[in-house]
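Let's start with one chain on its own, the form predicted on its own, as structure tokens.
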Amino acid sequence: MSEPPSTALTVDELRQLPEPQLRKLELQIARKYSTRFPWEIVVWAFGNLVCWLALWPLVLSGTIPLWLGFIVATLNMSLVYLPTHDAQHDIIARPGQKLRWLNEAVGHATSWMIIYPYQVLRISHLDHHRHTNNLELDVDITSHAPNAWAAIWGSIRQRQPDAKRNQDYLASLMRAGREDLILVVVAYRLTFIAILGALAWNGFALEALLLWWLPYQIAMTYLIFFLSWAPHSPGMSEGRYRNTKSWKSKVGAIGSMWMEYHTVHHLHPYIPLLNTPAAYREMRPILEARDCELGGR
């Protein structure tokens, strides 16, 4: 006899189901939303890259004003991370699949804009999933803060040379046996400084500031706030159904980069980002039955 769909059961009825059956219903929904190829993310990744690169000749030639280039560049930097995030989770193509090269191309082609090697982002982010909210092992634990303003200031503070976040990322690479990537990180940072310095030396200091350095800083504050602080603090604990939350953001799903549905991502990270809202809506009764923190979403 086939099992009833979760949508046919009330939350109280779902709570009465044996754990294996409840888990099976949850997985059925997750698999339903994980099979479609995420072509939007691929277009997003390369379209955003081309747009940002095009800003430089457009601004330097005077075709568009620098202030407009600054606004667009800030949007570009804010949009960089999520395509590489899907690639980190092998969502575009898993190892051994025909389009694996595209998965890796998306990851590498976008991460350099925010001065991080793709492999470092992948290793550290998967560590975050394994050890979410663990005080010693979660590389993103430094983003936890009691309120929004503390989170914003904390994200700026954690970009300083002596920040604990740097040490946590280093420890993550060492646990993975990838100390070789430390030199790659250093090379990325030195190249970034060299490019900015060369631009300034040749009379393009304002362009360097407003098309890369400042948009990068603003974007990182925004990304850490919505992708790390908002779904995991304050007060989130460890445990599969306790380590993150869903909530209703004042800036909406798009403004919060679809992090309103972060519960689904941590439970089933193979679901493409843009499918998480629909997966969440169908899975919500099960999440409620498991007493997840849903925050009105």
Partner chain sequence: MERLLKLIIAVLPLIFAFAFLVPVIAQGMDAIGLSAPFGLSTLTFALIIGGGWGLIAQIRGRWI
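Numbering follows the first chain given and starts at 1. Note that the coordinates shown come from a computational prediction; the quantities given were computed from them, not determined experimentally.
If you look for the form predicted in complex with the partner chain, you will not find it shown, but the lines that follow are about it.
Item to check | Exercise: residue 96 in contact with the partner chain in the predicted complex, heavy atom 4.5 Å | outcome: Taking the distances in the predicted complex, the answer for residue 96 is no, it never comes within 4.5 Å of the partner chain.
task: Would you check, heavy atoms only and a 4.5 Å threshold, whether residue 136 touches the partner chain in the predicted complex?
output: No, residue 136 sits far enough from the partner chain in the predicted complex that none of its heavy atoms falls within 4.5 Å.
At 4.5 Å between heavy atoms, is residue 222 in contact with the partner chain in the predicted complex? Contact check for residue 222: no, nothing within 4.5 Å of the partner chain in the predicted complex.
### Message
My question is simply whether residue 196 lines the interface with the partner chain in the predicted complex - judged by any non-hydrogen atom within 4.5 Å.
### Response
Residue 196 belongs to the contact set for the partner chain.
>> Residues 50, 53 and 119 are flagged as a possible site; in the predicted complex, is every one of them within 4.5 Å of the partner chain by some non-hydrogen atom?
In response: Judged in the predicted complex, none of 50, 53 and 119 sits within 4.5 Å of the partner chain.
### Query
Which of these residues, 71, 156, 174, 150, gets a heavy atom within 4.5 Å of the partner chain in the predicted complex?
Only one option qualifies, and that one is 156.
Task: One stretch from 186-194, 119-127, 223-231, 84-92 that, in the predicted complex, holds residues within 4.5 Å of the partner chain by heavy atom - done: Residues of 186-194 come within 4.5 Å of the partner.
Quiz item: For the stretch 160-180, which residues lie within 4.5 Å of the partner chain in the predicted complex by non-hydrogen atom distance?
Solution: 160, 161, 162, in sequence order.
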